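Below you'll find only one chain, the form predicted on its own, shown as structure tokens.
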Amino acid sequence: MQLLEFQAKELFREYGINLLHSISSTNIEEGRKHAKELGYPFVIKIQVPVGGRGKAGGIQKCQNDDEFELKYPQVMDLTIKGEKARAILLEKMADIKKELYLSIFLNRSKRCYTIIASAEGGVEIESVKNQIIKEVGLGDVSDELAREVAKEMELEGNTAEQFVDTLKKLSKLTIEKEAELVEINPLAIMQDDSIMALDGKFVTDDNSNFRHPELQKYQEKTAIEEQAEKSGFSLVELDGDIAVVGNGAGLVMSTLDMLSDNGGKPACFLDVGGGATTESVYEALTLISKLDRVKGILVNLYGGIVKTTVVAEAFLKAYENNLIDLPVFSRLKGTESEKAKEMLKGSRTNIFDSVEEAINAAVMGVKK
């Protein structure tokens, strides 16, 4: 889960990282109120979960009411890399002396957190040659390491002290929230030598989100996804036309990849989980039936804790109640799979011996 800039800054503020005054809004009426509260000049910043906002015109300086009325709707109407505006952030104008780069990310190959810092900020870090890279381990950044990074960046005096403080706070945030990446780009040195985070990026590790209910407010879900969660299974809407159903996130993810590799487009990720019942699978099918773009259903099920007959019963019930009128392409293995296949004989479910066969049939069937 990647947070928007204003959401990342809420966390920065919670951890005492210096920020300019800013307020987010979702419509121009709110924006007008916030403009009066902030006072001119300020910057209008589109809130989308992608980079390249400045180059695309998504960050605009605003000096007065006339500019606000012109630029706010222009920025709100932008689409950047396929992403429409989720919100608009109004932020006080910064009097910048120099821009730096600072991030901490989870380095999976080395099983530790790693700092990347640079005296060149405000640009993509990949394009910067002089990167300072330090492995942290899995604990907080020490005073000694933070000062070493500041020294290598040639920071001195109060600026160096503020940088050390910011780096330690960023480390604390990263570790306590179990983030995969926390980035400040740019981290600005102001004319008075103070340090401010002018932008923020925060990416969580989805596997740890259950330990952080305080982050759930940032998770954007459709009404169907919320209903799935309440019903005890996982559903994520995608933009294709083949619904993918399985038990176990790994199995469903691998099925999605195989489907995409074979030219299919997944319409949703649906994991019925290890505690699935006929009722919960039926509820899952009910939600799939509400996805208008779905033209077929691909089922890849390995019965272990969940008996495949439970899923078969749910499909038969869905057929009986005319809940689904779509072709179903299924591979069933494991507990009671032979019995499940017998139950589904003569139904609209096409059963295959391998997932590859089921995927090929689904792709061809949807095209027809």
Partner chain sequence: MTDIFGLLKGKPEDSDYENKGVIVQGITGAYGSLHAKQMMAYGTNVVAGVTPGKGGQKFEDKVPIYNTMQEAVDATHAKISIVYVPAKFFLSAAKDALNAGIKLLVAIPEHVPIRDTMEALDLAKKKGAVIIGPNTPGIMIPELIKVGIMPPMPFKAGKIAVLSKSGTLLYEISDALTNSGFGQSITIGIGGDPVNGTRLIDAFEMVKDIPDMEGLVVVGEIGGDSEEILAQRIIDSGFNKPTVAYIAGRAAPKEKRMGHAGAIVMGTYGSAESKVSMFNKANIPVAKRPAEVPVLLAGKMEKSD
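Numbering follows the first chain given and starts at 1. Not measured: the values here are computed from a predicted model.
The form predicted in complex with the partner chain is left out here; the points below concern that form.
Shown alone here, Glu180 lies within 4.5 Å of the partner chain in the predicted complex, counting heavy atoms only.
Heavy atoms of Tyr113 reach within 4.5 Å of the partner chain in the predicted complex, making it an interface residue. In the predicted complex, the partner chain lies within 4.5 Å of some heavy atom of Gly248.
Contact between Gln227 and the partner chain in the predicted complex is not found at the 4.5 Å heavy atom cutoff.
Put simply, of Asp205, Glu148, Asp193, Glu161 only one has a heavy atom within 4.5 Å of the partner chain in the predicted complex, and it is Asp205. Checking Leu138, Ala223, Ile133, Val128 against the partner chain in the predicted complex, a heavy atom within 4.5 Å turns up for just one residue: Leu138. Partner proximity in the predicted complex, defined as non-hydrogen atoms within 4.5 angstroms of the partner chain, places exactly one of 71 to 79, 170 to 178, 278 to 286, 92 to 100 at the interface: 170 to 178.
In the predicted complex, the partner chain lies within 4.5 angstroms of at least one heavy atom of each of the following residues of 235 to 257: Val236, Leu238, Asn247, Gly248, Ala249, Gly250, Leu251, Met253, Ser254, Leu256, Asp257, in sequence order. In the predicted complex, the Cα-Cα separation between Pro213 and Val236 grows by 3 Å or more relative to the displayed conformation.
In comparison with the shown form, the Cα-Cα distance of Asn209 and Asp257 increases by at least 3 angstroms in the predicted complex.
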